[in-house]
Structures are given as structure tokens and as C-alpha cells.
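Same protein, same chain, two forms; see structure 1 and structure 2 below, as C-alpha cells.
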Structure 1
Amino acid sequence: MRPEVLKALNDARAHKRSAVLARRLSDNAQTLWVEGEPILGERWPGEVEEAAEAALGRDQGVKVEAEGDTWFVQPFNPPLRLIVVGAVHIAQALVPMAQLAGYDVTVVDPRRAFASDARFPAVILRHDWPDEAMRALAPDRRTAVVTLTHDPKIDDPALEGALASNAFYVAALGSKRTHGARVERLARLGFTEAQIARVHGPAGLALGAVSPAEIAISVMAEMTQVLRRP
């Protein structure tokens, strides 16, 4: 990798911006794009641009043929993050699953008896109120936000912050009746139907889950589906 490419790539990663490096294998010409814009090198053929979008979506490098040349397209995405609001039993199952899937996880709950190191070892814990935590954590398009408390005083401020962000997945635990009341509250706060529709509620795929661990599996499955689907 050329020094100027490495410098630009490190700068993009430091600012949590997605980047794609494309190398033409015939002569090792290197082109770097950051957030969809060419930074260094020549403009890509259309087939390489399409491959770059796919590579970013799947976090995997890919070879592509374009205009008689073979290119290798390598994505450099910011880390995946999961913000869990509510240090409840389901969170205790969801957190290690998400960590195994490569997420940096933060648990937010002002109730220190719930959000304790004993219950969540080796996890970042925040005891501020969710609205403050969301402002500090600044969810981006590589961030998922899941609320689990069923308590509007805790869940709703977190959902407000998530809907004001580019978080790729926003979900809230609760029954359909609970979610219906949640939708009404969000509408009264001024959120549009399209914004409210971003909230997956009840959280998780309909797997028939019963136990906390099964519910956590359903949430991880839905989160993965949203992240990876075309």
C-alpha cells in the first residue's frame, strides 16, 4: 500500500468514515474512495463501483472483472456498535452474542443495581439517562440501538436519539399493544410515520422465542438481516 493511500485510509478510519481501496491487479494501481467519493487515484469503472457497494455491505473483499482488467476491492468499515438500553435479563444474553458477532457493545441504564460489573463483566456501562447517553455515543450508520426496559421513561428518550441518528437498526422490546402505545407517544413528539416505521417493534424476528436467550437470538437475527440484506 502506497504511503499516501495508507495515510488517507488511517485518517478515514480515525473519523469513522467508510472507505474502499481498489487495486488493479495487472499493475497494482490503487484507488481509494471515502464515503463514496474518490480521494486518491483514478475513477473506477462502473462494475468496480457496484462491487465496492457490495463489499461495504458484507464487510468482505471481492474480485471483479472490469474493462479487461481484474480488480480487488477491499472495504474498510468503521466498527459495528450496539447500544443496549436496559440492563435486563435479555441484555445479559444479547451482549455476549453481539460481542461474538463483532460488535462493540455499550449498555445504558441509570439503575446501577441492574447495570453492574457483576452482571455485565467486560462491557462498557453507562449510568447516565438515555438521552444524555445517546448524545454522547452519537449513533451512526454502523450502530444498532435496542431498548429493552418496557419503561417509557428510559426507552423513549433513547428511541428519540436513535431516530434522530443514522443508526442502521432501531428496535424496542414489548408486545404489539406496548408498541402501539409507543408509536402514539413518538407521534406526539413530532416524529413522522416514516421515522417511526424505522423502529422494529416488537424487537426481533418472529421465531416464537420464549426465554431471554431465545429472544436475544431473535434480536440478533433481525439485526443481522437488516445489516446484511441487499
Structure 2
Amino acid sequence: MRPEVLKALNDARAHKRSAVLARRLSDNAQTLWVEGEPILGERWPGEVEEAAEAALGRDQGVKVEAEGDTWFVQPFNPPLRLIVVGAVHIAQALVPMAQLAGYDVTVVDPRRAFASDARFPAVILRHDWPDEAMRALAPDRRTAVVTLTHDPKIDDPALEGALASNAFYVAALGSKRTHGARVERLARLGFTEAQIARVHGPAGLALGAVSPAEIAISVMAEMTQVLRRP
């Protein structure tokens, strides 16, 4: 890998831009695209360009034959994101687990006693209301949203924002009964049955989890399952 390619690729990743690196294996020629624009290297064949777009969508590299050569096309998407609503005890376990799995995590809670730097030392904290926070964060298809407060005043605006987005995983902590009441509130707000069905509630796989860390494991497990086996 040429040093200037390595540096430009790392710069793109540091700025959370999507990039694709294509290598021609016969001579190790390298072409780097950032946000769909060629940055370094020669033009690549049409087959490689098509493969690059598909590779970003699937988040997986691929070998392509083009013009008598073999190319390896490697996508670099910005990190997955997780928005945690509710700076509660379970969030303290969920945040580092998600970070270990490669997620960029943001915790939203207007209650400053919960969302304090002392309780959450290594994560972005937002103290705005979840409706404002969701507008600012603009969840996309590589974003998960998990609500943990049990308080409809905080959870519901976040779920409204999540359901209006393409977030790949939306989940709300709370018992089956709590979730039943939540479903009714969302229906009154005008969400369809299909939209409401996107909310995983109670959040997490049924592992029989008890402690905050175990519940965080069950949520991470379900999020992973939905990501990898949609």
C-alpha cells in the first residue's frame, strides 16, 4: 500500500467519510475513492466502479475481474452508530460493549444527574430532549436506537424520531406490559402497525438476563443479529 494512499484513507476514516480502495493484483496499482470521488490513482474500469458501490452497500469487500485483471475492492464505511436514550445503569454497561463492537455511541438524557461525565467518561453525552437530539443526529441505515428510561416523556419522542428514520435496529427496554402500553401510544400518534413492529420490545434477546451487564449483552446480541441476519 502506498504511504500516500494509507494516509488519505486514514484521513477519510478519521473524518467519518466513506471510502473505497481498489487494488489491481497484477501490479498492486491502487485507486482510492472518497465519498464517490476519485482521490488517488488511475481511473478504474466500469465493472470495478459498480462493484465499489455494491461493496459499500453490503459493507463487504469483493474480488472483481475487469479488463483481464483481478481487482480487490475494499469498502470502508463510517462506523456504525448507536444512540442510547437514557443514561441509566444498563447504559453504563451497554456503552463500552457497543464501543468494543466498533460502534460510535451517543448517550441522550436531559437529566444531568444521570448523564454525567463521571458516570459516562468516554462517550458523547447530549442533554437535549430526545426529539431535538434525534433531529440533530439524523439516524440512518447504519444506526441503532435503544431507549432505556422506561419514561414515556423521554423514550417516546426518541422512538418517534427512530421510526421516522431508516435506523436498522430500534428497541425499547421495558416489560411486555410496558411495551403493550407503548404500542398503544405509538398507534395514537398515527404510526401504522408495520411501523410499530419495527420496535423491538422488550429490548434484547430472551436470555434470562438479570444484571445490567447481562441485559446489555442481550441487547448487543439482538442488535448484532438484526445487523447480520436482517
Partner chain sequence: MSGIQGAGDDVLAQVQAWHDVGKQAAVATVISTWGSSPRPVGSMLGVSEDGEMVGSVSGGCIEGAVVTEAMDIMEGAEPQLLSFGVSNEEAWEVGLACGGTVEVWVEAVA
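Source: prediction; values computed, not measured. Along the sequence of structure 1, residues get numbers from 1 upward. Under this definition, the rigid core comprises the largest set of C-alpha atoms superposing within 1.5 Å between the forms.
Two forms of the same chain here; which is the form predicted together with the partner chain?
Structure 2 is the matching one, since it is the form predicted together with the partner chain.
Which one of D117, P79, L25, R112 sits right at the hinge when the rigid parts move between the two structures?
That leaves P79 as the hinge residue.
Measure from C-alpha superpositions the angle of the smaller rigid part's turn against the larger one between the two structures and state it in degrees.
46 degrees, smaller rigid part against the larger.
May I ask for the C-alpha shift of R13 between the two structures, in Å, based on superposition of the rigid core?
The alpha-carbon displacement, core-superposed, is 7.9 Å.
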